[in-house]
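Quick heads-up: it's one chain on its own, the form predicted on its own, in structure tokens.
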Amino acid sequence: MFWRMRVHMLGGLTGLAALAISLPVQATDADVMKGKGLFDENCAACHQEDAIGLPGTAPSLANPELLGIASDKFFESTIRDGRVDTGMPPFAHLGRSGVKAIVAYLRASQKLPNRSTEVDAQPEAHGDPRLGKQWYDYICSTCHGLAGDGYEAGGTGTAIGKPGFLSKVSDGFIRETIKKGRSNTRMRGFSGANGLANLSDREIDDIIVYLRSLPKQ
């Protein structure tokens, strides 16, 4: 009887340990302060103080919608690798702890729940890239450039047609961004009665499929 109880308790403790391992590690105040220092030194010149961004130069990293759908992996890999053929250089020299500290600093201003796991689990987009190109040229190219080059093409939007972006985001991430936009930025939502254009789910997926085709062209 005692042996069975002991096995049961050990099993419970093992389960708790596994649960603890799966839970995200909460950043400390020291992590946030370290991240702020690194951000001010390496990122603020483009992304501005408090990460509010500057249209035509660098996007807002403090935007609530972005922080609500972007995973830590997205932020960390972008900081580490940069974005080839854009003004965003790699910062791998900061090391893993430095990169994580910057992300902790960005997360400190988060207002919405983090839905990144749910968003990234959305199904892949399936649609017609020819129709997607028509919508993209009509709606998106004004800010993001005809080839998705973003600031390099003189636009006020980011380079969403480059591999450095497309390789790091899920179709769900793009879908949510098109639907809801980013408050306090020039990226408006394009879904619903209040959208700049009430795009259907199919039309949004057409745009995503077209975007995915751009690096291959």
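A residue's number is simply how far along the shown sequence it sits, counting from 1. As the structure is a prediction and not an experimental result, all values here were calculated from the model.
One more form of this protein, predicted in complex with ligand HEC, exists but is not displayed; see below.
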Does each of A58, R83 and T156 have at least one heavy atom within 4.5 Å of ligand HEC in the predicted complex?
-> yes
Report yes if any heavy atom of G87 sits within 4.5 Å of a heavy atom of ligand HEC in the predicted complex; otherwise report no.
-> yes
May I ask you to check whether C140 falls inside a 4.5 Å heavy atom distance of ligand HEC in the predicted complex?
-> yes
Does at least one non-hydrogen atom of K36 fall within 4.5 angstroms of ligand HEC in the predicted complex?
-> no
Counting only non-hydrogen atoms and a 4.5 angstroms cut-off, does L94 reach ligand HEC in the predicted complex?
-> yes
Partner contacts for 59-80, taking ligand HEC in the predicted complex and a 4.5 Å heavy atom cut-off | P59, S60, L61, L66, F74, F75, T78, I79
